[in-house]
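Starting off, we have a lone chain in the form predicted alone, written out as structure tokens.
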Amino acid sequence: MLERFQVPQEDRVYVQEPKARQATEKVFLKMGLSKADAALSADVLIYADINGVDTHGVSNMLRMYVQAYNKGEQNPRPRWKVTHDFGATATIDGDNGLGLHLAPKAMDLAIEKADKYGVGSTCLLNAGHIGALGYFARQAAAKNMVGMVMNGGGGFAMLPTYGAEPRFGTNPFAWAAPARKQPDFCLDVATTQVAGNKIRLLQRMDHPLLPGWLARPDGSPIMQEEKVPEEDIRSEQRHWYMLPFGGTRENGSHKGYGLACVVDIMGPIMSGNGPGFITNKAGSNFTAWKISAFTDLEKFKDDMDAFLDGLAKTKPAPGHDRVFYAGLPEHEERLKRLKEGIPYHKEVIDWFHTISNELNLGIKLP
């Protein structure tokens, strides 16, 4: 992550991964999830924390899930079912369960179908927030497949190019592909100029936003650094909206806008939920390609090694030490955090202790 999104050194509290995982599982169990679903939900969140994807880890998301369960907005024991099954494809109704533990099952089904047909694709509807999409794309990579995930989440956040009304969520997508020796490729990005949860990080650390990240309520891009107003991304009275990546039309925002449309088509619309900004419902698509159904698997991995190694050894531009590819920074951060611990903001630790006292969980961090 960019330095402005990282927890300041003086505010960091390092927690070892097993303790963070145990504490997170306790919270999910208290919310009424089964032991298996609590462990799976915690695994998705801790994946984000370990890989440096702090926007989608415990810090931002766990408290939101607790609020949703306490309000009765999320079903802790969903009875999900396949509503459409057509060879290599299927659609799953999540029965209003949390996407953290439903999305892995949707990708597992896509992988199962890809193993049989070469390609497998599933849609998931009627499910809550699914977390970091890279987790599910990597499920396929771990099975010697290429994985892809798209998630459209309603029309509360992103403006279309030239628009003054939001028509999309952050509409992220992720791709993952395995290599042999090199860290796997994994691209996990929102189609907004900046991820929605990074706005929460800026608010928590009182850092300014950069020009071209957000727009004012009338749709005008904010083209100077300024403090982010203290409001939630789903507030009814908005002081800002999100821009497609590119920011302005001159810098290519029509590309981010177009990709957001693709995500909405493949997620909410393909799943049967309808256009996100009309129905205000989310939908996801999970696709796996079995590499050996297209080419020799060993050659593919050798080619990926050559490709990724060549990218990483690209001569850097002046002022930069090296070139990265998607998945390499996460790999290096994972090794570091597994050794040193996860650097949570002290406010997050305070929240853990508060919720622990409220729910009588006995959580003590670090």
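Just so it is clear, the structure is predicted and the values come from calculations on it, not from any experiment. The numbering used is simple: start at 1 and walk along the sequence shown.
Keep in mind that the form predicted together with another copy of the chain is not shown, yet the notes after this line are about it.
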| field | Check all three, Tyr135, Ala179 and Ser356, heavy atom within 4.5 Å of another copy of the chain in the model of the complex | value | no
| query | Which residue, Met242, Ala282, Cys123, Leu102, has a heavy atom that falls within 4.5 Å of another copy of the chain in the model of the complex? | reply | Cys123
| message | Is it the case that Ile278, even though its partner is missing from this view, gets within 4.5 Å of another copy of the chain in the model of the complex, heavy atoms only? | response | yes
| Is Pro229 close enough to touch another copy of the chain in the model of the complex, meaning at least one heavy atom pair within 4.5 Å? | no
| Arg238 within 4.5 Å of another copy of the chain in the model of the complex, heavy atoms | no
| task | Tell me, yes or no, whether Thr89 is in contact with another copy of the chain in the model of the complex, where a contact means a heavy atom of each within 4.5 Å. | result | yes
| query | Looking at 32 to 40, 46 to 54, 320 to 328, 62 to 70, which lies within 4.5 angstroms of another copy of the chain in the model of the complex, counting heavy atoms? | reply | 320 to 328
| request: Taking another copy of the chain as it sits in the model of the complex, which residues of 301 to 325 have a non-hydrogen atom within 4.5 Å of it? Please list them. | output: Asp303, Met304, Ala306, Phe307, Gly310, Leu311, Lys313, Thr314, Lys315, Pro316, Ala317, Pro318, His320, Arg322, Val323, Phe324, Tyr325
